[in-house]
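So this first bit is one chain, no partners, the form predicted alone, shown in structure tokens.
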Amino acid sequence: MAMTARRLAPSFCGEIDGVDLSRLDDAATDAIKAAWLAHKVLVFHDQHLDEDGLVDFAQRLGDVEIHLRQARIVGRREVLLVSNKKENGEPIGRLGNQELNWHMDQIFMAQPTAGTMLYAVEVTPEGGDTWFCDLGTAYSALPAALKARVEGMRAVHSAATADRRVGIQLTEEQRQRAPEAVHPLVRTHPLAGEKALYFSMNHTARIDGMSEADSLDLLDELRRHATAPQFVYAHHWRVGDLVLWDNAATMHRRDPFPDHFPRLMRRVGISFPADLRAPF
């Protein structure tokens, strides 16, 4: 079946109407996969998905991950709660209400997250927008000298770097599960074949062979280029939205929001096929 996506940004991001993600046949699933690969970010409105339904949809797209920082005892382990809400004085989820810098999900793993879906259960009337940038088109548009400089570089990524830079605390067990990982700074997408920048301001500790200070200077230069307006889409959430993004081709960040506004999102991560999970 053909599936039409309305383009939301100049080079990427498609909005798909009239699809109920809880009632997909194989043809509709294949159409979503093709649209996702073509647009890198897909936006679906007015969905009604409990945790089982969210995982069922994710499993249609690939193998489902358990996030490194998952600590839930009840509910679906595949679903990470992204929330500032508390029960009995304790946070029910992760990431609170602070700003999140430009990053890629779990890039610090040897086999990083391929795709992420985020589903809005409760949203805030202000703040909390999620921004995405198109790292493939941004790479293509790099000045020739900078493109030549980064070609062949490898970057070292670390969950502990996010711990230090952002203040996200890791347990010792989590540290052992996620030692430093080294990936190409310019990655070839394993399905689309497109080259794209591949780094995370939260998690990339350094460029291999460079100091952290020099690495951050280069990464910030790349970040400024990749997040220019022509490469960016900002999503303002409403209840029932599901946004699905390609974590090998985009980077994202979040705006902060006032703490007195409750926010609850459900997140599921997806892997590439087993032989394509290690970045190249």
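For every residue, the number given is its place in the sequence shown, counted from 1. Since this is a predicted model, take the numbers as computed values, not measurements.
Quick note: we don't show the form predicted in complex with N-oxalylglycine (OGA), though the next part is all about it.
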| property | result |
| --- | --- |
| Listed residue (82, 156, 160, 201) with a non-hydrogen atom within 4.5 angstroms of N-oxalylglycine (OGA) in the predicted bound form | 82 |
| In the predicted bound form, the residue from 121, 118, 142, 150 that sits within 4.5 Å of N-oxalylglycine (OGA) by heavy atoms | 118 |
| Contact stretch among 43-51, 26-34, 217-225, 246-254 - heavy atom within 4.5 Å of N-oxalylglycine (OGA) in the predicted bound form | 246-254 |
| Contact test, all of 69, 113 and 177, partner N-oxalylglycine (OGA) in the predicted bound form, heavy atom 4.5 Å | no |
| N-oxalylglycine (OGA) contact in the predicted bound form: residue 103, any heavy atom under 4.5 Å | yes |
| Residue 95: touches N-oxalylglycine (OGA) in the predicted bound form, heavy atom cutoff 4.5 angstroms | yes |
| Heavy atom of residue 130 within 4.5 Å of N-oxalylglycine (OGA) in the predicted bound form | yes |
| Contact set, 253-270 vs N-oxalylglycine (OGA) in the predicted bound form - heavy atom within 4.5 angstroms | 254, 263, 267 |
